[in-house]
Structure formats: structure tokens, C-alpha cells
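One chain comes next, on its own, written out as C-alpha cells in the form predicted on its own.
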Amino acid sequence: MSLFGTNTGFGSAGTGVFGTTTTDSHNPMKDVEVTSPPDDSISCLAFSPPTMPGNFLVGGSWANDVRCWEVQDNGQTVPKAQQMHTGPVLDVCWSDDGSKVFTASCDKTAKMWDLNSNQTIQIAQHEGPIKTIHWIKAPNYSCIMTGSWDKTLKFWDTRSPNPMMSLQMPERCYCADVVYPMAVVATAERGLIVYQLENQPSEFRRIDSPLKHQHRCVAIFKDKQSKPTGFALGSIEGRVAIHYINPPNPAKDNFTFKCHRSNGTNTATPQDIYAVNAISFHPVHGTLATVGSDGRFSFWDKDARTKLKTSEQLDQPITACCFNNNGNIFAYASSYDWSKGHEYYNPQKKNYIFLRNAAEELKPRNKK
């Protein structure tokens, strides 16, 4: 048994752990490869909203670019366009009508990409790299929310060089999510802030982190009425917290679970513990996917508190993931996340985005 599945004995034994053995370790799940992936680590992925016909995927990378692909019904991907920043792109999102893509970068700016004209304009500016970007569509306003390492959360109406509002955070923004009328931001030093977005954005509550290690990713989940009701928070210590905003029984309803760990479960062998790099909720079933530095994705049912599936191990970390609007496609990106430092960086290794049919595997265990 080789590290990444069965090895049939022939093939040069001297190729090292990541050499091409007879198993395809870069795509062990045999998923669809997106054509023309970025040339450096992939930081973010986002599918087009339901208002658009068809499926379009955008991805940002450390090669300073954001790319757009059309995903056809037969699974083929067609590269459509790309745009550049002058620093790594850390986050991307769509406008609700699908006509614009918004990008956040280490170059301290955010841009609006008009897909019809294929033009970009700068719409936001921070004093530090911008880590998160989200479109907010409220009944009485629309805006872009940017979270930065300059410890501010800013709101922009895309037509003015100045923000509509700037909110001070206790620390650098590490990850955020928005499902109107709720936003949640997780910061350095394990800060956690929930915002309400009705009428105008304002701080709703600061929460003591349910996790003991650095926050890495956060995703809001909805109740049966499609209202945002809580969030899943992932840390660098292979753990996810499920946290409800106003649970009937906090001690019972809120919980954490371990994931993206390998090897020893007993004390004799130390356990390898990896970062949870991204969390995404299925838009129909409310189940969730996590991806990690261990090079695996897992699907979970938070209500039944069970794991639905774990993938085979890829030969590099999984850095980003997302579902398309009807939940039939699960996209995930494979690239180095620098979790093991520079000595594990191999410039020869390619980056990949894979597409998987997610219709069946994310159905909850027991339909209530």
C-alpha cells in the first residue's frame, strides 16, 4: 500500500512520495479538471448566482489574477476571461444579478469586474491587504463589504471613492461570510463578531470563540425558513465549531468536531493535525463540505452530527471550495498553502481546480 492508494509494483520506485506512481495522486477522486488553472496557489472560488443562466466559476490566485470559466452541462470547462491585480487575489464574490465580479487583493484594493464589457475599476481601498469581499443586497441598499488586515470592515456603494461606512475591528480580518441580514467576521487573536445588516450595517454581538486556535474559515448556515441562524467556524487545528446565534439550548446545540486529521488516535502515535482551509454549505440540503491542508475534502451532516464522506488524499492541500447555485457541482482547488513552510514548496507542481457531482453525496442521512 503506497501513501496515496494501491501501487501495482511497477513504475520507478525512486520517484519519491509525490512521484507519479500508477495511481493518479493529483486527482484520486477522478473528478473533472478545470482547463487552464492559475499558475500559483488558488486562494478562492465562487460560482455564479442563480439569476444567471448556466454556471460560471471564478477563481483568484497568488499569481495576482482572477479567472472566469464557463462550466458546461457536460462538465467541460471553457476559459472565458481573466483580470489582474498587482498583488495576490485573496477573495472573490459575485453581484446578485451575475453581471459583476468583485475581487480583493494584497495590493490593498478591491476591484469591480464588469463581465459584459470585460473592464475593471477599483472600488475600494484599505491601508493593508484586503482579505474578504462580499456583496450585500438589502431592500434599501446594495454594497460591497471588505475586511482587511488594517483592522477595519468597510462598506462601499461602488460609485464613490469613499466608503459608506467603516467599522473598527479588534484585530485583522481573517475570514468572513454574509447571508443577509447577517454577517460574521473572524479575526486574528480568535476574535468573532456578528453584524446585522438591516437598514444599515452595525455590530450585533461579539462572541467568545468556541475554538482554541487561529480562525481560518467561516460560513453562515440557514434554518428551514432560509433565515441565517448560525455559522460554522474552522481553525488551523483540524476542528470546526457549529455555533447558533440564538439557540434554545446553547450548551447542547453548539458543538465542535474534529476533522482533517490523520494517523494516531491513541496516545502512542502522535496525530497529524491539519488546517481547515474552507467550509461551504450545500444550498439545498444544508449539509456542509470542509477542505483541508491534509489534501482531503469531507462532507458532513451537522444536524445528524455525522460524516457523510471523506475523499481520498490528494498530493497537495485543498485550499478553496464552493458549490454552484443548485448544489449539483462541488468545486475544489488543489495547491500548496504553505502550511509546512517554504521547504515543502515545489514550483514544478501544478495547481488544479476539480469539479465533482455533488447531487447525491450531500443528501442528509435521515430526512426529518
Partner chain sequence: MGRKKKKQMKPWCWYCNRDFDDEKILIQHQKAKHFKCHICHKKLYTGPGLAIHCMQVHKETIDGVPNAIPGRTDIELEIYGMEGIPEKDMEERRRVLEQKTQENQKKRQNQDDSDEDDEDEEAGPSFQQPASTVQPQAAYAPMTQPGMAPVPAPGMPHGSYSGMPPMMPGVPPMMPGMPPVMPGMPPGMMPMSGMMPPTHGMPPMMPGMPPGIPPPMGHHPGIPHMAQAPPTTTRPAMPATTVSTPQPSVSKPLFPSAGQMGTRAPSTSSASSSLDTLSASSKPLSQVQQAGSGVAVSASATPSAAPKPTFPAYTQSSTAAAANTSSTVAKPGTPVTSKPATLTTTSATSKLIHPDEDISLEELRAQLPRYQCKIPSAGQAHISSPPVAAMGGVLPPQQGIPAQQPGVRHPMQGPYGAPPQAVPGYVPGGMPPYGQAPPMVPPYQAAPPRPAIGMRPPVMSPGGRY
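Positions refer to the first chain, counted from 1. Predicted model, so just to flag it, every value in this text is computed and none were measured.
Separately, the form predicted in complex with its partner chain exists; it is not shown, and the next lines address it.
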Could you check which residue among Phe231, Phe281, Trp135, Tyr195 gets a heavy atom within 4.5 Å of its partner chain in the predicted bound form? Tyr195
Going by a heavy atom distance of 4.5 Å, is Gly286 a contact of its partner chain in the predicted bound form? no
Answer with yes or no whether Phe155 is in contact with its partner chain in the predicted bound form, where contact means some heavy atom within 4.5 Å. no
Heavy atom to heavy atom, is Arg305 within 4.5 Å of its partner chain in the predicted bound form? yes
Would Ser142 show up as a contact with its partner chain in the predicted bound form if we use heavy atoms at 4.5 Å? no
Across 343 to 365, the residues having a non-hydrogen atom within 4.5 Å of its partner chain in the predicted bound form turn out to be Tyr345, Pro347, Arg365
